[in-house]
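Next up: just one chain, as structure tokens, the form predicted alone.
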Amino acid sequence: MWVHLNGRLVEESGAFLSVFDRGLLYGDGIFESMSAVAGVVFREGRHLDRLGRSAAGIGLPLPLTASGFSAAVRDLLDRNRLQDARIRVTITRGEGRPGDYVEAYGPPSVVMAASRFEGVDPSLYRNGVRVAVARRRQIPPETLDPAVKSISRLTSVLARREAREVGAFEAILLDGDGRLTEGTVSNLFLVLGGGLLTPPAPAGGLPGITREAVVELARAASIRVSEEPLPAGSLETADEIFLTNTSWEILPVVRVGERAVGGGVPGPVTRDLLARYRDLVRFECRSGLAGPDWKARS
């Protein structure tokens, strides 16, 4: 495989960063994950907008314009002969020195990698997954803005390991007041009385691109959507629960800990929104509506 490294396409085996890169030393950087269908990145413009907001949130000057990023992503897909792919863009503050938290001596480091996207095991959509509420709390917004997609993921790593120890697929994080926020790599939705409930973004988690699309689809289908603070107990009263992210799309949750959700099978609202979401992705990508100039077309 080929990767984009600081303006060049290089073979994966020859892609190296300095051992003093601040991404390695401090987790000082941001990232963005995107998916491509038929060679077109779904809502690429919105992903790049979010990348820009993340960069601004940590005071990191981006070394490429939005059009430059788009061109680099297209070159990456072409070089790897990928049509349906998952793409990750990682940007760090560049080279620094151990113990120096402030100064970055080199320009920002940019790494873009793509791999064939085959999705998760289809049985997870048929059967649903189990989640666990993590003991570890979400990083508070006053410490790190949830809207910043930071490469500092240790909290999520430890919470996910905690979930795995009890046989759960994903961990749900609470804030300091015991309210629901998000999963370690996903946004959270509850279905109650036919309507959708989701923690507000960014206070309740990252403003996900898939999350945004689900809200749009639900409202277009006349499904009531409420973005509001939700106590952890809401998980016990929900008719359905699902998770969203770029790779998982809309993933049904059928158990929270030992308790079954909705009879232990994926619910009708979740299944309907998943079908609508997949139709939306195919339509936008194959009609050219999802590319870098989506704003001009929408």
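For clarity, every value in this text was computed on a predicted model and none was experimentally measured. Note that residue numbering follows the sequence shown and begins at 1.
One more form of this protein exists, namely the form predicted together with a small molecule; it is left out here, but the text below deals with it.
Any non-hydrogen atom of Gly208 within 4.5 angstroms of the small molecule in the model of the complex: Heavy-atom contact with the small molecule at 4.5 Å: present for Gly208.
Proximity of Ser186 to the small molecule in the model of the complex, heavy atoms at 4.5 Å: The answer is yes: Ser186 has a heavy atom within 4.5 Å of the small molecule.
is_contact(Arg50, the small molecule) in the model of the complex, heavy atom dist at most 4.5 Å: Looking in the model of the complex, residue contacts with the small molecule include Arg50, since a heavy atom lies within 4.5 Å.
The small molecule contact at Arg137 in the model of the complex, heavy atom, 4.5 Å: Residue-level check for Arg137: no, no contact with the small molecule.
Stretch in contact in the model of the complex with the small molecule, which is absent here, among 53 to 61, 245 to 253, 267 to 275, 231 to 239 (heavy atoms within 4.5 Å): Selected stretch: 245 to 253.
The unique member of Arg179, Arg153, Arg79, Arg86 whose heavy atoms fall within 4.5 Å of the small molecule in the model of the complex: None of the other options qualify; the answer is Arg153.
Of Arg160, Arg130, Lys149, Arg93, the one that lies within 4.5 Å of the small molecule in the model of the complex (heavy atoms): None of the others qualify; the residue that does is Lys149.
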